[in-house]
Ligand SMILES: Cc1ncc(COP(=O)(O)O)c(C=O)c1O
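Quick setup: one chain, the form predicted alone, written in C-alpha cells, and binding and motion questions come after.
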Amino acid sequence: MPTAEFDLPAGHIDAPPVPRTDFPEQGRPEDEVLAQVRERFESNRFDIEKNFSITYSGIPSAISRKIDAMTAGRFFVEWAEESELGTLSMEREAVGMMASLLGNPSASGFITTGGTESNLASMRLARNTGKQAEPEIVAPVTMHFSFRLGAELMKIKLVEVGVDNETFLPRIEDVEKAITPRTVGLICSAPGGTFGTLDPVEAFGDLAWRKGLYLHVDAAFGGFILPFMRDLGYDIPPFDLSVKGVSSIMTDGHKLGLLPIATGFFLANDGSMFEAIPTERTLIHTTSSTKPGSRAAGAWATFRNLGREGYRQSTAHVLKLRDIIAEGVTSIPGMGLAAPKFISVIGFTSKMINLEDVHHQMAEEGWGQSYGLLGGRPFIRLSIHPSRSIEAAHGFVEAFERAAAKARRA
C-alpha cells in the first residue's frame, strides 16, 4: 500500500547550503547583469520545450506576459480597495469567473499563491468551523504534502487512509471508519497529482453531508481541465462545488490554466464560512496577504481573451500530447501505464525495464521527466503542459525508446 504521495527517504533531508556571498559594494552595468542572468538560466537542466516533468515550467498565455509590463508597482489585498480599486476589481471578477466554472456562481473566495496556500486555507476553515478542542481531518494517503504542512502548523491530527494498490483510490468505507467525534473535515483530490486519478468526490460529498463535516476538494490539476474535457464530450463525474456536501475547492492556474506562477484560486461554497477567520479592519483572509497585481490582471485578462473556447482548444491539445506519449511509450515491450490515463498527468511502470536507467538516460539527452517509487513500485511520471508541441511529444517517445533499449533489465 502506498504510504505517501511519493516514497521519500525516512531520514532527515538537509536544507540546501547557502554560499558565502558578500553584498555588492558597487553596482554593475545593467547589460552585464542581464547577461549573467541569461547565463544562469542556461545552466538549468532542461529546455522548457523538452521538460515533461512538471507543468510549472509551462509558458503562460501571451496576454498574461504582456500584462506583466503594465503592472509594475500594482498589487491587490483586501484592504486596498480605495487605492487599488481597478486591480482588486479584476481579482474579484476573476474569482467570480472561476466560481461560475467550478459549479457555483455564488461562491466566494480569493486568488492565492497556489495550491499550498489554498489547501492551508481549507484546513483553517475546517478547524475553525468544526470547533473541536483536538481537531482531526481525514484524507487519503495520496493527498498533496501541503495538508501535512497544515496539520503541523495548525495542530490538527491528520488521519491518513490507505488507497488501493492498483487504482490508487481510497475506499469510502475506509474513510468513514476513520471518522471520530473529533473529526472536523474530509479531503479528496480531483484528481490527485501522482498519476491523475480522480477520487470519488460524490461519495465523499455524501459522507460529509451525512456526518455534518467540512469537505475540501483539491482540484489543483482538475480545475482547469475537467470542465473543458466535459465540454469536449468526455464523461467527467461531478467533482466541484455543485456536489452536495462540498464545502470548498481549489485549483492552480499555473498548472493547466495558462497563468503565470504563482496563481491559485480558493473558493468556498458559502461565503459566510469566512466569518470563522478572525480579521481586523484590514480584512485579510488568506495567508500570503499582499500579492502582485499582475496575478489578478493576468487571470482576468486571460479568461476574457481565451474564453471557454480557447480553453477547450488548449485542453484538446494537451490531451493529444498525452495520447501521443502514452500510446508511444506503452507500445514499447514491457512498458505499461501505472494508472489509467485521465488528464494530462500520466505515469509509466515496468517489470522488465529498469526505469531508473531510463530516467537518467533521458535526462542526459535533455528530456525532463520524474522518477520515483510508489509502494515500492518504480515509475516515471509526466505532467504535461499545454505549451508543449506535437513535435516535442514525438521526440519524447523516440528518446524513451532509445533509453529503454539501452536500459538494464529490471
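Because the structure is predicted, anything quoted here is derived from the model rather than measured. Residues carry their position along the shown sequence, with the first being 1.
The following text describes the form predicted in complex with the ligand, which does not appear among the structures shown.
Remark: Y56 counts among the residues lining the ligand in the predicted complex, judged by a heavy atom distance of 4.5 Å or less.
When contacts are judged by a 4.5 Å heavy atom cut-off, I249 does not count as touching the ligand in the predicted complex. Among residues of the shown chain, D240 is not one whose heavy atoms approach the ligand to within 4.5 Å in the predicted complex. Although the partner is absent from this view, F221 contacts the ligand in the predicted complex, with a non-hydrogen atom inside 4.5 angstroms. Checking G114, G103, G130, P227 against the ligand in the predicted complex, a heavy atom within 4.5 Å turns up for just one residue: G114.
Interface residue among H285, R124, H254, R322, judged by heavy atoms within 4.5 Å of the ligand in the predicted complex: H254. The chain is drawn here without the ligand; in the predicted complex, the stretch among 131-139, 204-212, 169-177, 116-124 whose residues come within 4.5 Å of it by any heavy atom is 116-124.
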